[in-house]
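Here's a solo chain for you in structure tokens, the form predicted alone.
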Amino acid sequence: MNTTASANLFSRLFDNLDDPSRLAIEMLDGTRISYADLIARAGQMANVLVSRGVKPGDRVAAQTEKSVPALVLYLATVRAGAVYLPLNTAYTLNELEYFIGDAEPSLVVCDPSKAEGIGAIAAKSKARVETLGADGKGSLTDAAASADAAFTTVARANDDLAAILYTSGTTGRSKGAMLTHDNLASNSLSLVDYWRFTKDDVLIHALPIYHTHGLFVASNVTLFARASMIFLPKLDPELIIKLMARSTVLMGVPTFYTRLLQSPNLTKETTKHMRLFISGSAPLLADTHREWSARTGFAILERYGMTETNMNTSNPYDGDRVPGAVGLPLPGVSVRVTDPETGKEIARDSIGMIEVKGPNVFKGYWRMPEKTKAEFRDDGFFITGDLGKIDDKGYVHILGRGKDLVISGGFNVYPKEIESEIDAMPGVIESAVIGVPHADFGEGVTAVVVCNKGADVTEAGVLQALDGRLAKFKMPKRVFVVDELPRNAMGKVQKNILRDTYAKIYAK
């Protein structure tokens, strides 16, 4: 495979601009950033990265709040031929130690308030630390302000790494999904066509940018289309409704739509300028889909993706958007359902393991060749771990996860990590963590705990002990203390029974 600058995702995003003065990003304070501005800022930042010793193939880890400079850091890292490693802003130092130790970045960028704690961790990997705050200021932007904007984009091959995103399994440690320049570019270009994006589109960007959805789908698709985005720091339902008057697209997780539905200002009148509402990262309840249609006249377009694969399927732009289904395979992507035991493809409408193959599918897990091999079939299909079916019209339905992964608010939560923390508490014998339906979060993290007789173990006590040990999105929303956990004949905890038992605890 030829190594060329044009294979670099940055080159593919910004080469051949017809109008560099076009608006790329608008901020709430009225700041307007053109495509030319964005390229220049990425050049300045890339020069700083190189001056700090970042070489092609090096990892640049970033735990930063959402800001335009944080987005520029991603673009600059890719432009410099390095590998971008975004880290959830909720991760504690306890959690960061694993990610930084495993990825061994040459540079870690963090909020100034966390520089001391992260600096101690980074030192173990001989990584340098720079700062970037929520206000977009820090040592990184100070250096970039006086750096040269001219930068020659580093040549990369299609299968060179552009990013590593850590994903949760249900057992063992978190895995770094290796995403290539072509994984990201091909998937975004496919979505531009499938979702009919044009340079006239204005995206309301309220998603975080340490996650596939906000970073790769929302940002890359907008930039490939030469469209623009209104950059919001976080979800603000009333502001989003106000911005709909001059926007065309909203991408969100189910929480966005349930919160927006709570506002009396959401009407057919306030949404009439919009053309598309997209939901993903967690299951959208069919009731939410139907209520949205009734209130606005729009059918939400739900799609299905993973950290390892980017987007796999989408409900069609034209045609039926089926509540509870995640749509049809995207062009160039193959999806099949197999028997989990034998791996053989099974008939339509039969429930089994979802497997996918295509240019969107990741290269493998960072430094885990055996795990990578185990997750791929010999013919190249990736075993997603999701259970589902394909109906007679070809629509894919996700019906559960074979590995008990919990997706809460669009974030992957792996139960074993939380169970290990709870099991270490005084008086606790064992615990089981499950996800059950939650209107706002898709699934609510729920812990079921067995303790010694007479032990003073309470819901409040467990939550207090976990506070500061786990990222907020991993924290259980409820903790139940029980006498015993249900088990099968082999002694395995039956989480399906627990999910059925607690299925309605978050019902409104």
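Computed from a prediction, not measured in an experiment: that's the story for all the values here. In case it trips you up, residue 1 is the first one in the sequence shown, and so on.
Omitted here: the form predicted in complex with adenosine monophosphate. The next part is about that form.
Within 4.5 Å of adenosine monophosphate in the predicted bound form, a heavy atom is found for not a single one of Gly57, Asp201 and Arg226.
Looking at 232-240, 423-431, 86-94, 279-287, the stretch with residues near adenosine monophosphate in the predicted bound form, meaning non-hydrogen atoms within 4.5 angstroms, turns out to be 279-287. Think of it this way: in the predicted bound form, adenosine monophosphate has a heavy atom of just one of Leu184, Ala144, Val326, Val333 within 4.5 Å, and the residue is Val326. For the options Arg295, Lys363, Arg401, Lys114, the one in contact with adenosine monophosphate in the predicted bound form, meaning a heavy atom within 4.5 Å, is Arg401. Interface residue remark: Met306 is counted as part of the site for adenosine monophosphate in the predicted bound form, having a heavy atom within 4.5 Å. Using a 4.5 Å cutoff between non-hydrogen atoms, Thr212 counts as a contact of adenosine monophosphate in the predicted bound form. By the criterion of a heavy atom within 4.5 Å, Glu355 is excluded from the residues contacting adenosine monophosphate in the predicted bound form. Looking at Glu130, you'd find every heavy atom of it more than 4.5 angstroms from adenosine monophosphate in the predicted bound form.
In the predicted bound form, Asp386 is the single residue of 369-386 with at least one heavy atom within 4.5 Å of adenosine monophosphate. Cα of Ala120 to Cα of Glu419: at least 3 Å longer in the predicted bound form than in the shown structure. The pair Lys416 and His211 is looser in the predicted bound form: their Cα-Cα distance rises by no less than 3 Å compared with this form.
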